[in-house]
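Only one chain comes next, encoded as structure tokens, the form predicted on its own.
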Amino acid sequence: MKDIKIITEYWGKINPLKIEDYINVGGYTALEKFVSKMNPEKAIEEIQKSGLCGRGGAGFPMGDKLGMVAKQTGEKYFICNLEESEPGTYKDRLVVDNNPHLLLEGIIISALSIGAQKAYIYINGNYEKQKEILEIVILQAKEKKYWGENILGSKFSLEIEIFSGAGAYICGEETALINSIEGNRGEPKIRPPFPTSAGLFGCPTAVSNAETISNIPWIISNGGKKYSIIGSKNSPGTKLFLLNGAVAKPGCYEAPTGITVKKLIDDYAGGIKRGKEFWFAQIGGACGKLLLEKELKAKMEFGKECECSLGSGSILVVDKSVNIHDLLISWTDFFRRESCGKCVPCREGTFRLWEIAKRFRDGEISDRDKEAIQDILWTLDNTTFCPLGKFAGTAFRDAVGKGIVKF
């Protein structure tokens, strides 16, 4: 099972815009199985057995989320989160580019399993090409009766709609995303209530990342138990890893969870680029931790007990020729811009870190700035309204704490 490919198996082998190509390699057989041989409870049971957890970064168990919504009554919604505004993260975009019907089949099965009447695909507004692809494949699937009224002659019906966001990073957070679809400002809501009981338009709602959803057809076809033995015990399955920076072969690679950062760099991305000297790796996007060379044997998993939380799966390999001051400014400027401004600690904290980073670059950092850094980082970590603020200072904290930058 070491080299198994669940999401990327047919990338480059089929025409993503031809539904017949997808059907010829077994596409939509999982949906057919769901409709003819299973029921929603059985489907959720298989997903729970699989141990599949969210691939967007949080790692929440997919089966548990679907189960919570399935238990609710009344109108329900399913939302595919294709916002993807994390710097260096483009895996969901690649799923749409290479096998959009796989994602669509996962959306349909997930929505039907919870009893949703409507599914939304919330897509980053900058993904114009991907939106066009999805519009084409959605129409193709409807013509084949894979969604709409009485799917494949069954009692199941589902409506699907694409919703374009404004490309705001905060809308990757599920309650901010829901606010956006409702026509409100994209900012997080107070929880509880959680979306699983009171989400879109006040109805029970399951929100899941596009990569996560793309695993569903394989699980339904092959069974949750078979999926559960792939990769890490704590968070089974495969993951799309994006390796960029000072590696010989940058790109997207599918590998089992539990793999080490070192193995990903050496065996998948061809090692460090010739003439470059490794400095550190940033794991999981702009909000990710920094790992020094001695830490590269950490296993990449999801969960509270994991050695290295893999987040979105993005890995930026930084060599010693990079100007760390430019990186600090880039990180802090991103979170300063993307803060929704709802809470003071995030709105002001990210702005102050950015100002300090600029003074640091210009050689104008003061003793007061050095003292303020720790206060700002503590405030972001402990007092912000949502995870964006909490994670905004992660890279800065590691850069200082691990001696990557010295005052």
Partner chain sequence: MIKKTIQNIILEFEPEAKNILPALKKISAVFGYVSEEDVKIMAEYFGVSESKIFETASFYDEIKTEKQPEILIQICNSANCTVNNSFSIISEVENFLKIKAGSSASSKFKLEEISCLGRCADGPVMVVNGKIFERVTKSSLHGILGEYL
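Positions refer to the first chain, counted from 1. These figures come from a predicted structure and were not determined experimentally.
Keep in mind that the form predicted in complex with its partner chain is not shown, yet the notes after this line are about it.
Checking 139-147, 68-76, 232-240, 112-120 against its partner chain in the predicted complex, the stretch whose residues place heavy atoms within 4.5 Å of it is 112-120. For the options S221, S164, S197, S157, the residue carrying a heavy atom within 4.5 angstroms of its partner chain in the predicted complex is S164.
For the candidate set L291, L134, I329, I272, a heavy atom within 4.5 Å of its partner chain in the predicted complex is found for exactly one residue, namely I329. Of the heavy atoms in G153, none are within 4.5 Å of its partner chain in the predicted complex. Residue contact with its partner chain in the predicted complex: S180 places a heavy atom within 4.5 Å of it. In the predicted complex, its partner chain lies within 4.5 Å of some heavy atom of A168.
Although the partner is absent from this view, E254 stays clear of its partner chain in the predicted complex, with no non-hydrogen atom inside 4.5 angstroms. Contact check for T89, Y127 and R337: all three have a heavy atom within 4.5 Å of its partner chain in the predicted complex.
In the predicted complex, the residues of 175-205 lying within 4.5 Å of its partner chain by at least one heavy atom are, in order, S180, I181, E182, G183, N184, R185, G186, E187, F201.
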